[in-house]
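Okay, here we've got a single chain as structure tokens, the form predicted alone, with questions on binding and movement later.
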């Protein structure tokens, strides 16, 4: 599963899951573009990788901005030579019951998860097709790509949508050697999840400890959070598997929370 000579763009890579994926890719030979809405944070993460001997750059990218995505991908190609791997990871979470969900919040979440996936996919596919050497598109789904939970209507909708997008990209990209797959993690204790714990405690009228035990980890086989290392290992597997034998798939990484 080495990635020597490959160039990867990872969105939302200045922290959390995206950062760990970028680190693992760099450790396995890839040049990595840290694409993030926060350029200072992206540059700081890139510097950490460069200091360890990797090739990495920071790229400013608001994934909901068509021009920013297109210019960001162009910049990566100019600086690193190609785009072989896209990890569409940027995301947010907003928790509310449907009847209290504002349309503005719905649109914001859907724009980042779904529009962002489309825009980055389109920009990278154009580069991959033109170069003619294939590639890998990897979407950061969720167990909520398979299941539903209360209070997360737009998130569940978006994560289900990424599975559909991946399947279409797999069909269209096959003739060009481009594969598309989805990673579906369980709860990973990132800042995004940490923020949800008090929000859900308030909404359900339970303690934060009970949110973790009775909601987040209730259906796992061992009561454990999925880790950023777990997710990064799956991302490395998808990036390094170079035939159409593995495309259009979704891999659940959830300590047995969801089995299918």
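Residue numbers count along the first chain shown, from 1. Keep in mind that this is a model prediction, so the values were computed, not measured.
One more form of this protein exists, namely the form predicted in complex with a small molecule; it is left out here, but the text below deals with it.
*Asks:* Quick one: from 72, 154, 173, 186, grab the residue that has a heavy atom within 4.5 Å of the small molecule in the predicted bound form.
*Replies:* Of the candidates 72, 154, 173, 186, 186 is the one lying within 4.5 Å of the small molecule in the predicted bound form.
*Asks:* May I ask you to choose, among 219, 210, 62, 27, the residue with a heavy atom within 4.5 Å of the small molecule in the predicted bound form?
*Replies:* Looking at 219, 210, 62, 27 one by one, just 62 meets the 4.5 Å heavy-atom criterion.
*Asks:* Given that the partner is absent here, state which listed stretch (98-106, 135-143, 74-82, 122-130) has heavy atoms within 4.5 Å of the small molecule in the predicted bound form.
*Replies:* Correct option: 135-143.
*Asks:* Hey, in the predicted bound form, is residue 244 touching the small molecule, heavy atoms inside 4.5 Å?
*Replies:* No, residue 244 sits far enough from the small molecule in the predicted bound form that none of its heavy atoms falls within 4.5 Å.
*Asks:* Examine residue 192 and determine whether its closest non-hydrogen atom to the small molecule in the predicted bound form is within 4.5 angstroms.
*Replies:* Residue-level check for residue 192: yes, a contact with the small molecule.
*Asks:* Using the partner position in the predicted bound form, report whether residue 14 sits within 4.5 Å of the small molecule, counting heavy atoms only.
*Replies:* Yes, residue 14 is a contact residue.
*Asks:* Would residue 179 sit within 4.5 Å of the small molecule in the predicted bound form, counting heavy atoms only?
*Replies:* Answer no; every heavy atom of residue 179 is more than 4.5 Å from the small molecule in the predicted bound form.
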